[in-house]
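The data below hold one chain only, encoded as structure tokens and taken in the form predicted alone.
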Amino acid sequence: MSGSVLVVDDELVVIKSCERILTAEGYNVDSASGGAEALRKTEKTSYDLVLTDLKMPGMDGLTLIKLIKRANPAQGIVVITGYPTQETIKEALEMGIIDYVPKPFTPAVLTDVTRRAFQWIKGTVGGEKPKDEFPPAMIAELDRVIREYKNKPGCAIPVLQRAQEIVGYLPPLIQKRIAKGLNISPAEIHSIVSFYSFFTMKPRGDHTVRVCLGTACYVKGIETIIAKLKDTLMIDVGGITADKKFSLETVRCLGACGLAPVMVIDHDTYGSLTQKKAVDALGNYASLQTAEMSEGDESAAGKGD
């Protein structure tokens, strides 16, 4: 992964943590200790992504976001905050941030949110699928769903659920169409998609492997398990195996901290994982799929006799 990131925070330990984590992932990282310094830097240098705290002395994060967006509406911004209140996050989303990271964060969570933000930025500037790659009937059904839910309270999540059923996943193009149809900012729609683990911005395999990045799982070595899964499946996080059987995803929390480290395959939860247990779990689904195919072949053969 490559790209330029500006980290804005009045806590040196946060800046150093972000620099260490993101530099190791291949990003070019710059930093600013406050809003005024960050604003000067963004005026002189073009960054792909800005990570900013909200509560800082002098110019706060919301003011900084507003000024950056005024100068460059397309600037990608992610909020880092220890105080993610509903009001402040809603205000930041309305200004057009992509996502937010609550403090304290693990390296895995920061890496995951940054990766998702870059995927969004790439899609927004032209990396998404052209419109003609989605069949007209599919788009027509999506628009029908949007019209059906448009004036209902809390319509975003049910529309996204139906959209994922129709399209199979939620790429930036589809998210922006939903946002426009519901009169909601694209950033708010993206925040919902990135927060809930059952949404995906990429096509999925027959079986979806979701690995928890929560603090409890991180402390108990989930990163080594993710590395083993990547090696075994021969894909990166967000990828699909060549045979389309498995897709590998990470989520911020699966709500099963007592079972840490934990992952979910489809609807089945696997806790107290080791590398061997994780790989064995994959084998269960490969065997199941093979058995189902064999039964189908035998049934077909029987009908032919």
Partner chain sequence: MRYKRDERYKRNERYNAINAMNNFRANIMLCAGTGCVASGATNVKSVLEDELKKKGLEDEIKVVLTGCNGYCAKGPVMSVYPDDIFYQSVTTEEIPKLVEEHFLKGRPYEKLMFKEPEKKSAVPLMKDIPFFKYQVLRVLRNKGLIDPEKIEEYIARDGYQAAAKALTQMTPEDVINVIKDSGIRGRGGAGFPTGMKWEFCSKVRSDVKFMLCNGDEGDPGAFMDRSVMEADPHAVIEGMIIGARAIGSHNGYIYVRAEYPLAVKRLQLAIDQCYEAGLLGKNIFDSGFDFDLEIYQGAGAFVCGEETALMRSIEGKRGMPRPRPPFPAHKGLWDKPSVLNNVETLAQIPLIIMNGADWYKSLGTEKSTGTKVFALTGAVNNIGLIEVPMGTPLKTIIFDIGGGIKKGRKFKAVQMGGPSGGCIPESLIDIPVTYEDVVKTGAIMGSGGMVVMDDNNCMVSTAKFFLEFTADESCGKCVPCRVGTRILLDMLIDITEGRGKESDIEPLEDLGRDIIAASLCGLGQTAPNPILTTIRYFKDEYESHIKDKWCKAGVCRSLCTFMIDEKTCTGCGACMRACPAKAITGEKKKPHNIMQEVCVRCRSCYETCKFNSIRILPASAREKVIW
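Positions refer to the first chain, counted from 1. All of these numbers come straight from a predicted model, not from anything done at the bench.
Omitted here: the form predicted together with its partner chain. The next part is about that form.
Only one of Gly205, Pro172, Gly214, Gly96 has a non-hydrogen atom within 4.5 angstroms of its partner chain in the model of the complex; which is it?
It is Gly214 that has a heavy atom within 4.5 Å of the partner.
Consider the chain as shown here, without its partner, and state which of Ala137, Val219, Ala71, Ala74 has a heavy atom within 4.5 Å of its partner chain in the model of the complex.
Flagged contact: Val219.
With the partner left out of view, is Gln161 within 4.5 angstroms of its partner chain in the model of the complex by any non-hydrogen atom?
Residue-level check for Gln161: yes, a contact with its partner chain.
Answer yes if any heavy atom of Ala179 is within 4.5 Å of a heavy atom of its partner chain in the model of the complex; otherwise answer no.
It does not: once its partner chain is placed as it appears in the model of the complex, Ala179 has no heavy atom within 4.5 Å of it.
Pro57 versus its partner chain, in the model of the complex: is there a non-hydrogen atom within 4.5 Å?
No, Pro57 stays farther than 4.5 Å from its partner chain in the model of the complex.
Taking 4.5 angstroms as the cut-off for heavy atoms, does Ile265 touch its partner chain in the model of the complex?
No, Ile265 is distant from the partner.
Can you say which of 103 to 111, 206 to 214, 139 to 147, 88 to 96 gets within 4.5 Å of its partner chain in the model of the complex, counting heavy atoms only?
It is 206 to 214 that comes within 4.5 Å of the partner.
Going through 224 to 254 from first to last, which residues have a non-hydrogen atom within 4.5 Å of its partner chain in the model of the complex?
Contacts from 224 to 254: Val251, Arg252, Cys253, Leu254.
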